[in-house]
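One chain comes next, on its own, written as C-alpha cells: the form predicted alone.
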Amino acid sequence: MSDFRFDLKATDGAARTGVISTPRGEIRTPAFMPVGTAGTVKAMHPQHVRETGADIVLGNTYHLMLRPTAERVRQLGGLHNFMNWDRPILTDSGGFQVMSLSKLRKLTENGVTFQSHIDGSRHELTPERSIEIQCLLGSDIQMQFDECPPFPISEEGSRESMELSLRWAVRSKQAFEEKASPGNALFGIVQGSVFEDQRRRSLDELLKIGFHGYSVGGLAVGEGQEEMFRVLDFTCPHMDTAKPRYLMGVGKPSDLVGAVARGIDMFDCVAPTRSGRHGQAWTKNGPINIKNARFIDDETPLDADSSCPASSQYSKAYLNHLFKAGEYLGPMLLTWHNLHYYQQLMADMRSAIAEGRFDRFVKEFEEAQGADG
C-alpha cells in the first residue's frame, strides 16, 4: 500500500491543494474526475480527455459487471487496457446504480439482489462481490459498498441505512485486504443524509476502520446546494486532514468552488458531459444554451483564449448549426469544451490556493458567473 500516498501541499482557509500518488501516476487536487460509466467518457477520445487536464477518470461497477462483465474485462487486460487509458481510474461500488436503475431489488444484511435494467437477469451485489469486481477491473481507487439512501428520508430510515453501510464498510475492507493488488486504495463513504449526529457517527466509525481516503456520499440527490454546503460545513472539519476527501456525484461549477472552500479534494459528475450532449456549454460567464436562436449568426468561439480546440476554433454559429442539424460533432465539441472548462477551473483553484488568494478567486468567480453558475 506504500505506492498510494496523499501529500498536502498548501491550504488557504479550509481549501486544500495537494497530490495523490498512485502506481499509475499523480492526481493533482482539487481534482475533477470525468465520468466514464461504461468504459468510456461519452463522446470523447481518451487522448482528448487527457489533454483537457484530467489526471483520473471514473468507471462504474454496476454497468461494467452487467456488460461486458468484469471477468471479460479482466481477460482482455483490465479496464485501463480495455479503454486505452493509462492514468488512474476510480471505480464506484455500484450501490447507487443498484438502487436507482435496477428493475426489482431486495435489500438484506448480506447485500442487494436485483434485476438488470438491460435484460432482466438476476444478480447479487454484496460488499465482497463489489470489491471483487473492482479488483477484476483493476481500478486504482476503489469504493466500499454502501447504500445510498433517497432524499428526503426519515431520521430513523437514514440511521438504519447508515448503520448498514458501516457494517458493509467492515466487510468491504476485509475483502479489499484479501483481493487488492499492491498500490490500490480503498475509500470509505460517510453517510447519514442531512443529520449531523449521524454524519459524525458514520465518520468516526470509518476512521476507526481505517481507509486510504474518505468520501461524502448521499448528497446531490435533491437536497439543494445550501443544504449540501451545510452538511459539508459540519462534516469536513472532522475528516482526516492527511487523507483525500471525495464528494461523490458533484456537480455544477459553483458546487465545486463551494465544496473546495469547505475542504473537499475530489469530485465526479456527469454534468459537463451530459450537458454538452444536450447543447449546454459552461463558460467563464456562466452556462449558455448553444441551441438558442441568438447564436445563429454569432461568429465568436466559446472561449477565444482557451487552449482547447473545441473552445477556440469553432464559432457559436457553427455549433448552433451542428445541434440544429443533429450532427454528432456538436455534442462531441461541446463535451470537449465543457470538460476542458472544468479542468481549467480545478487548475485555477489549485493555483489560487497555493498562492493564498482563494477568497479573491471565489469572489471573482461568483461575480463572473452570476446566479446561475
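For every residue, the number given is its place in the sequence shown, counted from 1. This structure is a prediction, so every number in the text was calculated from the model and none was measured.
Omitted from view is the form predicted in complex with a further copy of the same chain, to which the following refers.
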| property | result |
| --- | --- |
| Contact test in the model of the complex: residue 347 vs a further copy of the same chain, heavy atoms, 4.5 Å | no |
| Heavy atom of residue 327 within 4.5 Å of a further copy of the same chain in the model of the complex | yes |
| Close approach of residue 342 to a further copy of the same chain in the model of the complex, 4.5 Å, heavy atom | no |
| Exercise: residue 84 in contact with a further copy of the same chain in the model of the complex, heavy atom 4.5 Å | yes |
| Partner-facing stretch of 125 to 133, 173 to 181, 73 to 81, 92 to 100, counted where any non-hydrogen atom is within 4.5 angstroms of a further copy of the same chain in the model of the complex | 73 to 81 |
| All of 9, 24 and 28 with a heavy atom within 4.5 Å of a further copy of the same chain in the model of the complex | no |
| Residues in 27 to 63 close to a further copy of the same chain in the model of the complex, defined by a heavy atom within 4.5 Å, in order | 38, 39, 40, 42, 43, 44, 45, 46, 48 |
